[in-house]
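Below, in structure tokens: the form predicted on its own, a single chain.
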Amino acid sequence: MRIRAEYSIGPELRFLSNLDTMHMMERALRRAKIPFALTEGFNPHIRLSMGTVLPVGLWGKKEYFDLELAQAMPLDELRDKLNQVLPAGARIEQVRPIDDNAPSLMKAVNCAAYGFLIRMPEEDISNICQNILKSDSLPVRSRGKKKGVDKDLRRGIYKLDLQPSDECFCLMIWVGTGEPLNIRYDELLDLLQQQGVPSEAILDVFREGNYIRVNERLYSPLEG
């Protein structure tokens, strides 16, 4: 049986690496006595596949992993058992069965939403959002494998939304990930600073979620 879980990583765990997060989940699976399947060979591993990497320093609301079970069990029970042993700040939100032939998360997920908590006048942030959406080109220096090369972010920015949040505003930006254009959160930070947002005005950054984008519509990986 193959399942897909949606989990959250709170601000207190923002400095976990992807490998740390995977080890955390593996320990929780063992402590909760979940009947997970193992790989074959001399050094068997849990058949656990983490989704897209959550950058170190960010916390995430909708992260995902796939797990193969050696035997079926009630998924609400699986969720509750894991939540009893996971550390504070990590929580399994939903679990769904998926087809054995379903594409992996790394292949399926092609969109992410990042939230930027900004303390600036609403009119100034709104003008910046309009400038971004009206621009034909938004070049920034790549932070990925091709460092130092200009990357045009415009064709990979799908949507912006500005929401009030306590004494600041939360700017949500939906962007492409993977192929054909992978946009990183730190490239978005560079873009915002280019557009006039001072670095000290950005109070926090998080990943709101990962999505599967098909014909401009967004789907949860749990629907895959």
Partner chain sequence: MKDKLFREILPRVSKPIRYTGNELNIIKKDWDKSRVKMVFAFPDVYEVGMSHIGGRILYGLINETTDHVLERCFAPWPDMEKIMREEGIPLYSLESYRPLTDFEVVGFSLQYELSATNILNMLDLAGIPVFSHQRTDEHPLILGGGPVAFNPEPFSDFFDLFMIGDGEEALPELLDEVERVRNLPRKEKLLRLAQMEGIYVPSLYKVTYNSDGCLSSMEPVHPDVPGRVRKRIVADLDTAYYPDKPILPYMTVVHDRAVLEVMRGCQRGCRFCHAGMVYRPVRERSLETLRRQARAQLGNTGYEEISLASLSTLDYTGVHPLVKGLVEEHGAQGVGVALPSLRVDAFSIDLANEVQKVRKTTLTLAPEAGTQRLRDVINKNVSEQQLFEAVEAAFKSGWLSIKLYFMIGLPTETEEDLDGILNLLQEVKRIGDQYSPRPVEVRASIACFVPKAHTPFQWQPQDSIEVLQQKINYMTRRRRKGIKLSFHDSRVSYLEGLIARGDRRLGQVIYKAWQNGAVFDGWSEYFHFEYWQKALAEAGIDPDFYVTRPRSYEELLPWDFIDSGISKAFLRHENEKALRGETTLDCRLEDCTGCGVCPSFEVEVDLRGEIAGAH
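Positions refer to the first chain, counted from 1. These numbers come from a predicted model, not from an experiment.
Quick note: we don't show the form predicted in complex with its partner chain, though the next part is all about it.
This chain lacks the partner; the member of 92, 132, 85, 98 within 4.5 angstroms of its partner chain in the predicted bound form by a non-hydrogen atom is 85. Within 4.5 Å of its partner chain in the predicted bound form, a heavy atom is found for every one of 12, 16 and 31. Although the partner is absent from this view, residue 212 stays clear of its partner chain in the predicted bound form, with no non-hydrogen atom inside 4.5 angstroms.
Although the partner is absent here, residue 36 lies within 4.5 Å of its partner chain in the predicted bound form, judged by heavy atoms. Taking the partner from elsewhere, residue 43 is found to have a heavy atom lying within 4.5 Å of its partner chain in the predicted bound form. Its partner chain in the predicted bound form is approached by residue 203, whose closest heavy atom lies within 4.5 angstroms of it. Heavy atoms within 4.5 Å of its partner chain in the predicted bound form map, among the stretches 64-72, 23-31, 161-169, 188-196, onto 23-31 alone. Contacts of stretch 170-197 with its partner chain in the predicted bound form, defined by any heavy atom lying within 4.5 Å, are made by none of its residues.
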